[in-house]
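Take a look at this single chain, the form predicted alone, given in C-alpha cells.
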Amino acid sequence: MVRKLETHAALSEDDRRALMALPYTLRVYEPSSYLVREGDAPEQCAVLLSGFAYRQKQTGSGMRQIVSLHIPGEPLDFQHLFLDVADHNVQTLTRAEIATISRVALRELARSRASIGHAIFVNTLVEASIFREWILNIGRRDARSRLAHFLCEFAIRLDMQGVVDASGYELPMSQEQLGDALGLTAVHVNRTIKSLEADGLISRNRRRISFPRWEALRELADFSSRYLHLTQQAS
C-alpha cells in the first residue's frame, strides 16, 4: 500500500512508519468472496497483498457489471473511507491474501498527517480517472478495441507493480467475467479473443497472454496511458 501511495505522492520516512504501524489483520479469501457488500457500513479498509479483486454493481434483476479490476498492492476501499454506507460490492477474483486495517484508524491518520491524506486523495482521483476511461471503453469502442484496451491497461498496471515478465501475464478472468467487465457476452468475448489471436496481436498459452505486436495492439485499442497518470509528480 505504501508503494502504491508513493506512485503519485511523496511520503516521508515518518509517514511510511506511521502507515506501517497501523494495526492490521491478515486473512486468505477464496475466489468470489465478498470483501464489501453494497448497503453495508464499512468498518475495515482492505489491502490486496496477493491475488486479484474487482468492484461490481448489480441490477435489480441480478445482472452484474464489473466496474474495476484490482491487482496486488492496491488498497481496495479508500472510496468508502469517508462514506458511511457502501454503494457497490468488492469481491475477490482469485484466491487472495488480504490485510484489513481499521477504517477509523486509517481515517484519523489521513486527517492528522496531511501528506498521507494527500496521497490517499490523489490515489482516489486516479481511480476515478480509470473509471471514466472504462465508461468510454464500454460506451464508444467496438468489441475488438474494447478487449484490446482492457488487455493494454492490465499489462501496464501489472508492469508498474513489477508483476509482468517478458513472457506476458496470467489473465485471471474467465470469459464470462471479461464479458461482465466489457459489456459483452461470453460467446462474443471468445470470438473476439480468437480474432485478436488470429491477427497476431496476442499470443495465448491457456490463460497466459503475451503481446507479439504490442504497438499494433495499442493502436487498435486507441490506447493512451494518460488516464493512468503515470507521470503525475510525487509532490
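No experiment lies behind these values; they were computed from the predicted model shown. All residue numbers refer to positions in the sequence shown, first residue = 1.
What follows is about the form predicted in complex with the DNA, which we do not show.
Residues with any non-hydrogen atom within 4.5 angstroms of the DNA in the predicted complex fall in just one of 184 to 192, 35 to 43, 66 to 74, 53 to 61: 184 to 192.
The DNA is not shown here, and in the predicted complex it never comes within 4.5 Å of any heavy atom of L136.
A residue is said to contact a partner when one of its heavy atoms sits within 4.5 Å of a partner heavy atom; L83 fails this definition for the DNA in the predicted complex, lying far away. Although the partner is absent here, E170 lies well away from the DNA in the predicted complex, with no heavy atom inside 4.5 Å.
Under a 4.5 angstroms non-hydrogen atom cutoff, the DNA in the predicted complex has E176 among its neighbouring residues.
The listed set V104, A128, A143, I156 contains one residue whose heavy atoms approach the DNA in the predicted complex to within 4.5 Å, identified as A143. Taking the DNA as it sits in the predicted complex, the stretch 68 to 106 never comes within 4.5 angstroms of it through any non-hydrogen atom.
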